[in-house]
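Listed next as structure tokens is one chain, alone, in the form predicted alone.
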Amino acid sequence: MTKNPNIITIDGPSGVGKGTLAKNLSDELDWIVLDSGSLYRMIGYLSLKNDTKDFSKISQKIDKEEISFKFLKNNSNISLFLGQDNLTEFIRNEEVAKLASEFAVMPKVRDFLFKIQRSFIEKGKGLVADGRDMGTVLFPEAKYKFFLTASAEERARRRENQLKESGLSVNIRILQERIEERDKKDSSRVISPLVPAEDAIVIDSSNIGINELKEMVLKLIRS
């Protein structure tokens, strides 16, 4: 397979720094970003909002609008837009995340999102794709593939800080248990299990700062 030097994939479980790294690389390279996890959360949100688990109804609503990711001022995160609607603040709660996981194991959902995600290759001069199967399923032709890991304890701590910043009360022990449970499900599922691509570079981000991680990855790409 011919490798595409204009695609970078960043895979790994939640809380390892994939989104921040993707944003930093996008800023540095002036490439567009694809946040795969947000697309599944979008489906979870639309399911909750419309009180339905009928994916045919949800997909019809998505088909009517354009999906885009934007960097807004005074916001360090990537914002997801469905048409003109910014869904970012609505897709970041645990109820939506749980629904997203339920839809993520459905072949019809993955097939539907596969086409949408592949279309991002044509939207810019380069693509940074952040998710769980970007290097293995979505963009196997990517020249640069990274798989981030971090301890469950560290990821729970990071999630705790995020929730506290949002004014929410959390229990770090419960957070860690949920992280470990989701890791087990993601790595053992039949459809697109969470595993590094054979040609991916694996990086443990537990003790690496945001800027250090970006510079490390850029050095690997440019070398």
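The structure presented is a predicted model; accordingly, all values stated were derived computationally and were not measured. Residue indices: 1-based, along the sequence shown.
Beyond the structure shown, there is the form predicted in complex with a small molecule, which is absent from this document and is the topic of what follows.
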*Pick from I121, A150, A104, L87: which has a non-hydrogen atom within 4.5 Å of the small molecule in the predicted bound form?*
A104
*Which of these stretches, 63 to 71, 49 to 57, 151 to 159, 29 to 37, has heavy atoms within 4.5 Å of the small molecule in the predicted bound form?*
29 to 37
*Taking the shortest heavy atom distance, is R132 within 4.5 Å of the small molecule in the predicted bound form?*
yes
*Could you tell me if K143 has a non-hydrogen atom within 4.5 Å of the small molecule in the predicted bound form?*
no
_Can you tell me if R189 lies within 4.5 angstroms of the small molecule in the predicted bound form, counting non-hydrogen atoms only?_
yes
*Although the small molecule is absent from this view, report whether A100 comes within 4.5 Å of it in the predicted bound form, heavy atoms only.*
yes
